[in-house]
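In structure tokens, the next block holds one chain alone, the form predicted on its own.
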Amino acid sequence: MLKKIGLATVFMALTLGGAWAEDSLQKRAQGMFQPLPQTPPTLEKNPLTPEMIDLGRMLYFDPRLSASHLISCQTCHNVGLAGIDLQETSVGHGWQKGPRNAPTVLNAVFNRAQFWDGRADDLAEQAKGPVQASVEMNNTPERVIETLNSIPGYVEQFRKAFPGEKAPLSFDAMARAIEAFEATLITPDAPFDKYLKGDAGVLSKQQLQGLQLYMDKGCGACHSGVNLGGQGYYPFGLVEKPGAEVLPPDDLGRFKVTNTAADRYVFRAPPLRNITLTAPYFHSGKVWSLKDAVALMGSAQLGIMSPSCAL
């Protein structure tokens, strides 16, 4: 009897082993990642309302927030281009080139902080930066408010979006409205989201192999959670520093925010949502091929010399 049970168990293991392995892989993935929600998250400091979102949408696409009346949020974070501008670094006021690649605005609300160095805690704080940066929109809060106050439609829209406030049209209100709109720019229901929700058959065999390599090789140590990254800060070149073109020596990363020696060349791990659409890669924007970016991460961060940490 024991002999028969043993043979039956072995036979089941041989015939069902593939299914068990796939089930185990899915459980591992569900422990490391979370699917994007169907609706925007609740913002603790900035409760969303339809009026605020609508105002934020208007402001996001309005170049009159810039000194030249030529540059809007959409210029560098084009929602039709997966939230980026397809440039190594963006062109700003007076045709100046910015120092870093423009991150995608899609799903940015799920990041721990904004900008490559995390200097903005949330999207509202982030929205104020480019408006005032001389290399970007080159404007001032005073001039922005003067411009918006000169447009009756905006005066009314701010009043509706911020009822009961003594001064509803303010620079802070502008930033909060933009944050409200950007919080709606989410991309749920990707095949990977469906996989995390239990649909084991939605990914191809090659994609499942890539997922297993991704977790086994250690990619998930920095790129996990709901946004597959965007949560922590890590040295670029943990094992081997990339060349100066990819890692410009004069950009010290988070060190400029904290003034802490340990933060030299430390950057926020970028989220990998929609990654095939958001080239070029890295804060310098110098790598255009996803395969090359994976290979570089393998050598720089993991000590792997071949692109086996597949995305």
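Position 1 is the first residue in the sequence shown; the rest follow in order. As the structure is a computational prediction, the values presented were derived from the model and not from experiment.
Not on display, but discussed next: the form predicted in complex with heme C.
Student: State the residue from Q157, N139, S224, S72 whose non-hydrogen atoms include one within 4.5 Å of heme C in the model of the complex.
Tutor: Spelling it out, the residue with a heavy atom inside the cut-off is S72.
Student: Given that heme C is left out here, which of L196, C76, L169, V79 has a heavy atom within 4.5 Å of it in the model of the complex?
Tutor: Contact check passes for C76.
Student: So which stretch, 157-165, 141-149, 188-196, 214-222, is the one near heme C in the model of the complex (non-hydrogen atoms, 4.5 Å)?
Tutor: Going through the listed ranges, the match is 214-222.
Student: How about A173 - does it come within 4.5 Å of heme C in the model of the complex, if we only consider non-hydrogen atoms?
Tutor: No - in the model of the complex, heavy atoms of A173 and heme C never come within 4.5 Å of each other.
Student: Is there any non-hydrogen atom of K241 lying within 4.5 Å of heme C in the model of the complex?
Tutor: No, K241 sits far enough from heme C in the model of the complex that none of its heavy atoms falls within 4.5 Å.
Student: Taking the shortest heavy atom distance, is R254 within 4.5 Å of heme C in the model of the complex?
Tutor: Contact with heme C, no.
Student: Is H283 close enough to touch heme C in the model of the complex, meaning at least one heavy atom pair within 4.5 Å?
Tutor: Yes.
Student: Can all three of S90, T104 and M297 be found with a heavy atom no more than 4.5 Å from heme C in the model of the complex?
Tutor: Every residue of the spot touches heme C in the model of the complex.
Student: If we check heme C in the model of the complex, which of the residues in 110-131 reach within 4.5 angstroms of it by a non-hydrogen atom?
Tutor: Residues within 4.5 Å: N111, Q114, F115, W116, R119, L123, Q126, A127, P130, V131.
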